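One chain follows as structure tokens, the form predicted on its own.
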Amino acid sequence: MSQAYETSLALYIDGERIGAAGRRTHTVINPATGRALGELPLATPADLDRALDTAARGYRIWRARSAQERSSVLAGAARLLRERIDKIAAIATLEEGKTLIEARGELMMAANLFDFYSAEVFRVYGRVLVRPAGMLSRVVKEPVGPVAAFCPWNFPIGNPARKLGAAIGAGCSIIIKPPEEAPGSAIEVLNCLLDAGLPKEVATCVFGVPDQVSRHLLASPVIRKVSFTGSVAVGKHLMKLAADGVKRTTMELGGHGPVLVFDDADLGRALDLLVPHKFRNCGQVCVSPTRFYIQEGIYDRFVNEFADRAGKLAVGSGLEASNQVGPMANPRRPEAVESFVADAVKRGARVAAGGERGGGSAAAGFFFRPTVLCDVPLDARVMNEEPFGPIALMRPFKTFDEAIEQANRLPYGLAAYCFTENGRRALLLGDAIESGMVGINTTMIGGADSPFGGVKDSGHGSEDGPEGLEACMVLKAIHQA
């Protein structure tokens, strides 16, 4: 099945779309074929200065608009996203690789979030303090100011929508830098907001060398808030840059999701949920279940059934409806996964499924087969570094305390999953696991109304829910006599 890449790759600054002519560019690649999709223009320092000036003006315009106007734009953008679902999902699949069904689900998540924020803008409450007669003391929430937002490539629709929706709902202006690998999806999300009536000065979209863009934007006093989704190393780097300007930050960083499966779990249901969740987006998901700790009495059965299911997943172009796993997003990822597998096997792990490149009809694509490694030693690199790929790691455990120790062993704390039919154990697990999000007998840990974020090295602050909106706001106490 062929599909046209129907989007215009351009910077968007102060209402102007700036194309690739006469500029440095980045070639956008289809990861299923290795072929070029288009040329993306990269911003110059002058472009970034213009973006900052636009954001400063946009903030003054937008913060003065009513909640009703902000709500109308977000609700209108949600409607347009749904109307344009086929086009935008195809763009995401072509440039990032995920299957069409996953891309469509991601778009619906983005639309639902815009709808949620369109209502949440009316629920931004302050309070009146008790004071002596003749004095009025109020606590109010205000937009923090212009936001600089940086998005990764793995959710090219959902991540830009999270950052745009929160900032716009709060009354902020925003400069967003989507990923150069998957730019068209974010551009289409922005188009929906603009077509729904967002003033041209409020949202700016730039692309460029990530470190150059971030240093330039964060050095400016115009930017008052930084929102980043990506690796721990880059997040820590951006926090250091933000500290120089005392800028607020929201950081959604890496994960290495533990899964605890106890011997009383409903094994069939656990497998039904975990196998597709592990390999969605070819494992390139920050909340992906990765380190599987299985109670020893059911370990062999679980590993065998998990590996059997993983081996039957159809790998190929995400445009083909029969495929369940698409390619990895760029050539760096198969190389990294291959290195993780080789190291684990060298240290004593056994390959129960996959473990090699392959899939699809085009040899140039960035495919890697769904992989299950069992008996993985704790000193293997993949047990300590986020693999961000289609690898499930299996180890047995004996006791509850041992399982908790292993789940909390790493500095990551983004998402964790547990499966048990014991109600008391479920309560204890929810308390004991160090993670921003915990799924017990479910893999559904996100929602428009639910905070999404981690602890420890996985970051701080939350996106989505009321917390996502409040992250783009500041408190002010006003005392009047």
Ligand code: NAD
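So that there is no doubt, residue numbering starts at 1 and follows the sequence shown. As the structure is a prediction and not an experimental result, all values here were calculated from the model.
Although it is not shown, the form predicted in complex with ligand NAD is what the next lines describe.
Colleague: Could you work out which of G355, P334, P143, P152 is the residue within 4.5 angstroms of ligand NAD in the model of the complex, going by heavy atoms?
Modeller: The option sitting close enough to the partner is P152.
Colleague: Using a 4.5 Å cut on heavy atoms, which of E201, E386, E188, D115 is close to ligand NAD in the model of the complex?
Modeller: Here the answer is residue option E386.
Colleague: From the candidate stretches 251-259, 101-109, 313-321, 269-277, select the single one in contact with ligand NAD in the model of the complex, where contact means a heavy atom within 4.5 Å.
Modeller: Comparing against ligand NAD in the model of the complex, the contact stretch is 251-259.
Colleague: Should the three residues V341, V345 and R395 be counted as contacting ligand NAD in the model of the complex, with contact defined as a heavy atom within 4.5 Å for each?
Modeller: Looking in the model of the complex, the three residues V341, V345 and R395 all stay beyond 4.5 Å of ligand NAD (heavy atoms).
Colleague: State yes or no: in the model of the complex, is some non-hydrogen atom of V121 no more than 4.5 angstroms from a non-hydrogen atom of ligand NAD?
Modeller: It does not: once ligand NAD is placed as it appears in the model of the complex, V121 has no heavy atom within 4.5 Å of it.
Colleague: Please check if P210 has a heavy atom lying within 4.5 Å of any heavy atom of ligand NAD in the model of the complex.
Modeller: Close contact exists here: in the model of the complex, P210 approaches ligand NAD to within 4.5 Å, heavy atoms only.
Colleague: Taking any heavy atom pair closer than or equal to 4.5 Å as contact, tell me whether D300 reaches ligand NAD in the model of the complex.
Modeller: It does not: once ligand NAD is placed as it appears in the model of the complex, D300 has no heavy atom within 4.5 Å of it.
Colleague: I'd like to know if V234 sits close to ligand NAD in the model of the complex, meaning any non-hydrogen atom pair within 4.5 angstroms.
Modeller: Answer yes; at least one heavy atom of V234 falls within 4.5 Å of ligand NAD in the model of the complex.
Colleague: Just give me the residues of 222-246, first to last, that have a heavy atom within 4.5 Å of ligand NAD in the model of the complex.
Modeller: F228, T229, G230, S231, V234, H237, L238, in sequence order.
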